[in-house]
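This document opens with one chain alone, in structure tokens, the form predicted on its own.
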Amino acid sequence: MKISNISKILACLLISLYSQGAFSQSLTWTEVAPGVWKTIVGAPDAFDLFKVAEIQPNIEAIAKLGKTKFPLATGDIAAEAANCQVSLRFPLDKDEQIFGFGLNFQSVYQRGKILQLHVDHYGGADNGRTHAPVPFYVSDKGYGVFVNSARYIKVWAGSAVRKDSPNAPAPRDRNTDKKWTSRPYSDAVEMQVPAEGVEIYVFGGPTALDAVRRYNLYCGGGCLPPRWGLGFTQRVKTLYTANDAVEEAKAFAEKGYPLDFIGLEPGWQSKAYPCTFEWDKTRYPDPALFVKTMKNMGIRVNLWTNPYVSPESPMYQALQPYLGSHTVWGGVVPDYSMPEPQKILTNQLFNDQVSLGVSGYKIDECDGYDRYLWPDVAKFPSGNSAEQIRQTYGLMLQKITSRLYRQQNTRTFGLVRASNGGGASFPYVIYDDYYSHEDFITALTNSGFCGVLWTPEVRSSKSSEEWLRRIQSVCFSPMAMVNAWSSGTKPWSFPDVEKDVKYYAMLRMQLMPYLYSEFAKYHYEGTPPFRAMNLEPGFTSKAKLEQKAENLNEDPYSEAVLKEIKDQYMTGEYLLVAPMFKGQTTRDVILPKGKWYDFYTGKYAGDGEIIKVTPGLGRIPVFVKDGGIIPMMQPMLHAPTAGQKYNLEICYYGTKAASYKLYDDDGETFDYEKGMYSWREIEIASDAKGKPSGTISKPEKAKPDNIGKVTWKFMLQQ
């Protein structure tokens, strides 16, 4: 038996003997960054989420958020360690709502939920088993809590009642009391962590968005993708050849559709399921020439893989000392918590692909299901449990590949099926094989609570209506992607809506200066570029279910009932996006307090009210807050490369004076970490007659300057 295992057993025995059933620990909170506190319960695992992700907290950026008080009553937080289990309890106010606990697909409100935070392929059950079960929740009272454990964590999020609770609900007689409920009021979030101890972090506000910002910055700040990563991408059919991929890229150019990177699916490898991690020389006889040809066309190459290694892979023999006890689809499972297999994988990816100019990866099936993944009884040579490896496998693969590109001083942007706490800085977007459009949008709204990115990818559709509605949504997401690995669909596959599809694909390109600046704020300031309305100032989570004609002009939030808003979200600082789904012709949109304007026309839409919109099939409803500044570039088929100038049209909405920070760097390398970036200040002011005018600050000397001619567009319809 290994010494580490003996130590774990002795620690468990010691805690059990000490507790005699329950050891209630007095918690000491240490401020580890401005507004960020940490405590330790028992003896935490050496292997945890923050260590796996190798986070590098941006203390300087956190400090800019200002100081804040510890947001909870410390005496109301309880922690007990017993029998190698840690039990945690955090208080909830009567009117408090909580969000987060990872990438959820069906619900935004988490109060009242019972979850097990368990990495898995999401299959339709809203129970905590998901691609990114991040053990972080945020409260509308303006704080967040993170449990730093790579274990399956059980959560009772305001769903259980202790008999010693100071706010315990009174018993009710179901026979006679109409207020009886099967789900009585609970005043706490309780968790169970199957470990000897755990680290806990509390992130202060004062707002919920500030708590999220502090969490993201503590994880190192959000990722800053290359400009091309925010362009349009097409994933081609599984068994495409090099010629097929080149011809598809030519078709995009001939038809005038933007395309920045093509994704090759399993057929690029000589064997897949399990994988060889090397090119198939029949379909891709000259990989270097293929990648160069695509690059000369302005298109990058992204490669699919999953982590399970075929006996025919050139890595197979070298990996033998570092394998788990079980296989997946006949492929071995390397223990990437050890440095040696990380080096073996890095060398294979670099020598066979990255050195040729391959720009990124799609890392598949590192999440679940149980029926094909290794079981919890599996053993790994590091001594880390199968549970811990499963909770972090996606994190580890993101880290390995991100580090490889960093070593080349070139940025990447890819896809992954699993992530977890601490992974905000990794340049990856989560996707899956589930295909509900509505649930995809709920996942996008929830992604902003937990430091991950999500794409509502488009694969196929049964009608042109559904196709266009999905395209519209994906163009307002972190990755604008058609994933045609099975269907072979193209953006122009439905001719009757092709004009509108092209409009939104080009609009995505026009919005690149705005989207790139919003991702820069994610990196430098921690603000999620896509986020739920609950994080937007002036928004309330309460809305009337009904409005009578005589009350249409009254405050729609008075006498309100609680209702989840999970089908609209913020894109960046100014844009409110309200997707339409198949079969819808009208929908309600809840506008936060403050004036809002139609994105397309500039027409006034409302102020803190519920509006009903009928946009027509050709439009997805988008609204801009008063003073909104949206920098846009001319339509281009490819993202600007380093040093390439692009003309800027700055659109302004509303009437109030406003400013915006436009980010600029080379768009491709990590030189921004050496100070090679700038923020261009855009200012809008009005003269005595109310006529607006704008200014933009000059570029900094010896800093990147990609901006060409600047024009202004004032969207002043009332």
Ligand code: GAL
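One rule holds for the numbers: they count along the sequence shown, beginning at 1. Remember, it's a predicted structure, so these values are computed and weren't measured experimentally.
Form predicted together with the named molecule: not shown, discussed below.
Asker: Counting non-hydrogen atoms within 4.5 angstroms of the named molecule in the predicted bound form, say which of 152, 581, 485, 503 makes the cut.
Answerer: Exactly one listed residue reaches within 4.5 Å, namely 485.
Asker: If the cut-off is 4.5 angstroms on heavy atoms, which of these, 190, 439, 199, 365, is the one near the named molecule in the predicted bound form?
Answerer: By the 4.5 Å heavy-atom cutoff, the listed residue in contact is 365.
Asker: I'd like to know whether residue 399 contacts the named molecule in the predicted bound form, with contact meaning heavy atoms within 4.5 angstroms.
Answerer: Residue 399: no contact with the named molecule in the predicted bound form.
Asker: Looking in the predicted bound form, any heavy atom of residue 376 within 4.5 Å of the named molecule?
Answerer: It does not: once the named molecule is placed as it appears in the predicted bound form, residue 376 has no heavy atom within 4.5 Å of it.
Asker: How about residue 109: is it within 4.5 Å of the named molecule in the predicted bound form, going by heavy atoms?
Answerer: Residue-level check for residue 109: no, no contact with the named molecule.
Asker: Does the 4.5 Å heavy atom contact test between residue 431 and the named molecule in the predicted bound form come out positive?
Answerer: Output for residue 431 is yes: heavy atoms within 4.5 Å of the named molecule.
Asker: What stretch, of 294 to 302, 469 to 477, 259 to 267, 154 to 162, brings heavy atoms to within 4.5 Å of the named molecule in the predicted bound form?
Answerer: It is 259 to 267 that comes within 4.5 Å of the partner.
Asker: Using a 4.5 Å cut-off on any heavy atom, which residues of 402 to 425 would contact the named molecule in the predicted bound form?
Answerer: Result: 417 alone.
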